[in-house]
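Heads up, the chain below is alone and in the form predicted alone; it's given as structure tokens.
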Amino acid sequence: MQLKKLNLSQVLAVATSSLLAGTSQTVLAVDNNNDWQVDSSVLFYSETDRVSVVEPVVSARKKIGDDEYLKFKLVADALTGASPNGAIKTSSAQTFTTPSGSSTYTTAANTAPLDPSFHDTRGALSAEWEKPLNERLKGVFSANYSQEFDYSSLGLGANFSWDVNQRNTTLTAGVGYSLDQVKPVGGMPTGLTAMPTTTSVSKSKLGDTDDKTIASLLLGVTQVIGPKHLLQLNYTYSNEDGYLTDPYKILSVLDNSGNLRGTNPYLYEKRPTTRTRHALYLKDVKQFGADVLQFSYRYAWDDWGILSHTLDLRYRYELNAKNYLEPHLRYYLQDKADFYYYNLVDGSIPQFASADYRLGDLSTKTIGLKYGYVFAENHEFGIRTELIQQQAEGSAQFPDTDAVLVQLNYSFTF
């Protein structure tokens, strides 16, 4: 579902990656033969008393010609747990209807309301064809498809890299387009209309399905600074158009006394139907002997009013020829959207409104460590553990969210 898809992408993307520029996490010396290079992983993610995720991933890359490659990637993930529905906590118990409208759930007094029906499974398949177009120009053409029970996405992309300045500079340009279909459980509620508090009343709906399109652009340059030093700068642009509202989120409406209004105290959220995003991404990679230091900074902004900063630091420390450690630090800071509201007040309902904490002022801190072991030629095992803390700034409504991420990796050739 759309809610889960957005949450998964935000939570699990603990390392900044550039649009249309995916790269393998493992480097294996297989470029000179026709073996398959396989990278596999299983990720486990768990928030305290909230969402849990299991995500296996398998990708395979094969050389089919001179500097020409095919790559396939298969992803499956399953999400379970509870997620904030957007309502505020109150001094008395609250009852809500589920998205299907066929049942209700109750939240205890002085507790942030969580929807316990939060669950989903997703499968995704992508393919890439990397081909040299001339001596210094390379193209990467991609296609991807993902399916959830209430959301599907089909995308195409093309990325071009041009080596200049005696191959010390690489210019990159890429485009992408995806067509998504939203099929929320219970249909798409009309924005800022009342959520029924009993199963005997039907919600107002826009329909059962709707579409969303995303067009994206990438421009970048990678510069060799020295024999063991690279610097990369990317600019990304994307435009989303269509149904961008989260159909499972609501807002609380208070009366002039600060209490839930007596009639229809909850409204479904409503977001704009377009969103334009921009991002600048700077990455510095430097080798010190056998060790490698990576630092990146991402500055992003959009026309919803959200502005964010992401700092990411990794250091790969080679213990010996077979073992390495890679500590990781990440910090993310975000300003709220223009239409983010903790709650609404009766008589002053805006054109757009959402109480989704992911659109509010928030910060995320991540600390992690990866251990890698090369136990045979072109065979590597790794385990990564991350501790993540997310804080909704300036709001006691949403307490800090603590999460643990563990990922197992195995790479090999055959």
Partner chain sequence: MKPIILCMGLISVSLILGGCSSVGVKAWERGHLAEKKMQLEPYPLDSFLDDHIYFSKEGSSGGRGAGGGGCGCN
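Predicted model, so just to flag it, every value in this text is computed and none were measured. Numbering follows the first chain given and starts at 1.
Another form exists, predicted in complex with its partner chain; not displayed. Remarks below refer to it.
Peer 1: In the model of the complex, do 222, 228 and 231 all put a heavy atom within 4.5 Å of its partner chain?
Peer 2: Judged in the model of the complex, 222, 228 and 231 all sit within 4.5 Å of its partner chain.
Peer 1: So which of 194, 254, 137, 282 gets a non-hydrogen atom within 4.5 Å of its partner chain in the model of the complex?
Peer 2: Going through each option in turn, the one that passes is 282.
Peer 1: Which of these residues, 349, 369, 70, 57, gets a heavy atom within 4.5 Å of its partner chain in the model of the complex?
Peer 2: Exactly one listed residue reaches within 4.5 Å, namely 57.
Peer 1: With a cut-off of 4.5 Å between heavy atoms, is residue 270 one of the residues that contacts its partner chain in the model of the complex?
Peer 2: Result no; residue 270 lies far from its partner chain in the model of the complex.
Peer 1: Does its partner chain come within 4.5 Å of any heavy atom of residue 204 in the model of the complex?
Peer 2: Contact check for residue 204: no, nothing within 4.5 Å of its partner chain in the model of the complex.
Peer 1: Check residue 94 for me: does it contact its partner chain in the model of the complex (non-hydrogen atoms, 4.5 angstroms)?
Peer 2: Contact with its partner chain, no.
Peer 1: Examine residue 133 and determine whether its closest non-hydrogen atom to its partner chain in the model of the complex is within 4.5 angstroms.
Peer 2: Residue-level check for residue 133: no, no contact with its partner chain.
Peer 1: Could you tell me which stretch in 339 to 347, 105 to 113, 174 to 182, 258 to 266 has residues with non-hydrogen atoms within 4.5 Å of its partner chain in the model of the complex?
Peer 2: Looking at the other structure, the answer is 174 to 182.
Peer 1: Taking its partner chain in the model of the complex, which residues of 306 to 327 have any heavy atom within 4.5 Å of it?
Peer 2: 306, 308, 314, 316, 318, 324 sit within 4.5 Å of the partner.
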